[in-house]
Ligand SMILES: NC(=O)c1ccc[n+]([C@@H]2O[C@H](COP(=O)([O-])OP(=O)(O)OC[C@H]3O[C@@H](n4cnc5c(N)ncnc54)[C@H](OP(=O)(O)O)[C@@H]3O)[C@@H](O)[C@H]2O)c1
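Below you will find one chain, with nothing else, as structure tokens; this is the form predicted on its own, and questions on how it binds or moves follow later.
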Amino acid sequence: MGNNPQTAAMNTQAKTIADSIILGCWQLDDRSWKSLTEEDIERTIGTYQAWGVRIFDTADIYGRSERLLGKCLKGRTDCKIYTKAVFFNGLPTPKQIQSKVENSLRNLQRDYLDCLQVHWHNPQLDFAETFKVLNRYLEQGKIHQLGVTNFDTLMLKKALEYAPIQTHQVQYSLIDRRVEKSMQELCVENNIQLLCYGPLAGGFLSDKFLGVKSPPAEGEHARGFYYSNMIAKHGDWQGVQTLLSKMAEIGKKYQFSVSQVALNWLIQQPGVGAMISGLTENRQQIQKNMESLQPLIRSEDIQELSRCSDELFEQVGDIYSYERGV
């Protein structure tokens, strides 16, 4: 799909674990995920910090997530928190934008937002005024950088006319590679870091599902609904099994699990600044994720994984297309 794994791998050599993995904190929203005690959350975040993780991703709609992160990371100037301002119901007023910024600052117990990401919106709307307001917060130092999430290519091009966009959060994995159709090139040209969620397709890209004959009927929020639908849009369960077998075969060369292969492949793709790994209490899983980039998989194996993916999965539409109903 036009990638140059060898060049990407050379650029990745300088990356560290701290640069490459962002801790996704949607899992702190106890309305959608298992409810964790504040003590468990503080201990788990401490484990990630011990492994070098310094960037945490949240959103204003993730329930208690911002507030808990603010409490756990209060005074930690070595850590950054990326949050999102979500506008679902048309264009926000300057007052609504102000309210979101001030609420996030208060919840995170910070004087400024390290990165405010504008979440996906109706592509028919003109968000010029929204970015105009956010630019003022940049000038005032209340926001240090702006990003977007799930913008399609035309939306991002338009956003770049309005504001200095530095990050773009998108779904990207060996199954969902829609970003490669046009978004990847646009981001590389404009020095916009791709922050990739879903690198393991909700856990389906793991040894747990290798050899499983049919997709499980799970009720768990992300895997049972979101990622099952994603797989159905791109291919089928047999394609997943074929891909898992190839990943396991290549993983043996490096003593990597399937999940480690998935993460290693992704970080070597052009434009990828970091991967978003969802918070887990499982210390063994944390260790495996953090060790997934050492060593880097060789370029010929990266290319083989990409070829296998190309043959098995169709890339339907632009970023977040079918999720929007396009």
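The term rigid core refers to the most C-alpha atoms you can superpose between the two forms while keeping them within 1.5 Å. The structure displayed is predicted, hence computed values, not measured ones. Don't overthink the numbering: it's just position in the shown sequence, from 1.
Here the subject shifts to the form predicted in complex with this ligand, a form of this protein not shown in this document.
Remark: none of the three candidate residues (Pro92, Pro123 and Thr130) comes within 4.5 Å of this ligand in the predicted complex, counting heavy atoms only. Contact check for Gly198: a heavy atom falls within 4.5 Å of this ligand in the predicted complex. Contact check for Tyr62: a non-hydrogen atom falls within 4.5 Å of this ligand in the predicted complex. Though the partner is left out of this view, Glu66 does not reach within 4.5 Å of this ligand in the predicted complex, counting heavy atoms only.
Remark: Gly203 counts among the residues lining this ligand in the predicted complex, judged by a heavy atom distance of 4.5 Å or less. With the partner omitted here, the stretch from 182-190, 203-211, 158-166, 105-113 that lies within 4.5 Å of this ligand by heavy atoms in the predicted complex is 203-211. Contacts with this ligand in the predicted complex, taken as any heavy atom within 4.5 Å, map within 250-280 to Ser259, Ile276, Ser277, Gly278, Leu279, Thr280. The Cα position of Ser35 differs by 2 Å or more between the shown form and the other one after fitting on the rigid core.
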